[in-house]
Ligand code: PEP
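Listed next as C-alpha cells is one chain, alone, in the form predicted on its own.
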C-alpha cells in the first residue's frame, strides 16, 4: 500500500524537527511518502520513506516568483508530487489545463505525479460523480501516454476536512470508473481518512493506498493507521 502524508501549511522549524524524529521511528511494510511544506524539502532526512512535494510549477524555469520547478525538486531528490488538490483548484484557481502542464513537467524529470480528482456534494447528489471524474482525468492527462505511472487520488471534495466519507461500495464504484480509463495506474483514496475509519475503508480490495491530511500531522496516529493497513 502507498500512504501519502500531506502536511499542508503546518509546522515551524523546531516542531518539524520533532515531527521527523518521531516519524522516522515508524517501521512499516507500506510505502510511505512525506509531502511537507516546500521550505523543509531540502533539509528533511527520512528513513525508509520517500519525499514528495505538495505542488510544482507548470514552468520549467524563469521569472516566476514564488514558484518551484520540477527540475529544482528533482535536484533535492523529490520522488513524488501532489497535483490538482482541491485546495489549489479553489484557492489558486488552478485549471485542468494548468494541472496537465504540471504533470508533463514532473514526468519530464521522472517525478511521479499524484493527481487528485473528486466531485462536489451537489455533483454527488445529482449522480454526476463519474462524469466529473472522467472529465477531469481526460483534461489533466491530455496528450500523456497511459503507460506513464501517474497515481490517481480520489478525493471527494465534500469529504475533505469532515468526518463524512463515502461507503466502501461508493468508493469502489469510482475506482472502477478510474480503472476503466487507466487500468494500470494505482488509485488512492483521500478525504477524512482516520485510524477510526480505516477498517471500513479496508473492506475494499481496490484501494491501492491513501492520501492523508489531518492525520499526517500526528506520528502516533500515522503509526496506528499504518498498523491497520494490510
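Positions refer to the first chain, counted from 1. These numbers come from a predicted model, not from an experiment.
The same protein has a further form, the form predicted in complex with the named molecule, not shown here; the description that follows concerns it.
Site annotation in the model of the complex: the residue of 132, 150, 159, 111 reaching within 4.5 Å of the named molecule with a heavy atom is 159. Scanning 87, 123, 79, 98 against the named molecule in the model of the complex with a 4.5 Å heavy atom cut-off leaves one residue, 87. In short, of 168 to 176, 28 to 36, 53 to 61, 188 to 196 it is 188 to 196 that has heavy atoms within 4.5 Å of the named molecule in the model of the complex. Looking at residue 8, you'd find a heavy atom of it within 4.5 angstroms of the named molecule in the model of the complex. When contacts are judged by a 4.5 Å heavy atom cut-off, residue 219 does not count as touching the named molecule in the model of the complex. Interface residue remark: residue 209 is not counted as part of the site for the named molecule in the model of the complex, having no heavy atom within 4.5 Å. Contact between residue 136 and the named molecule in the model of the complex is not found at the 4.5 Å heavy atom cutoff.
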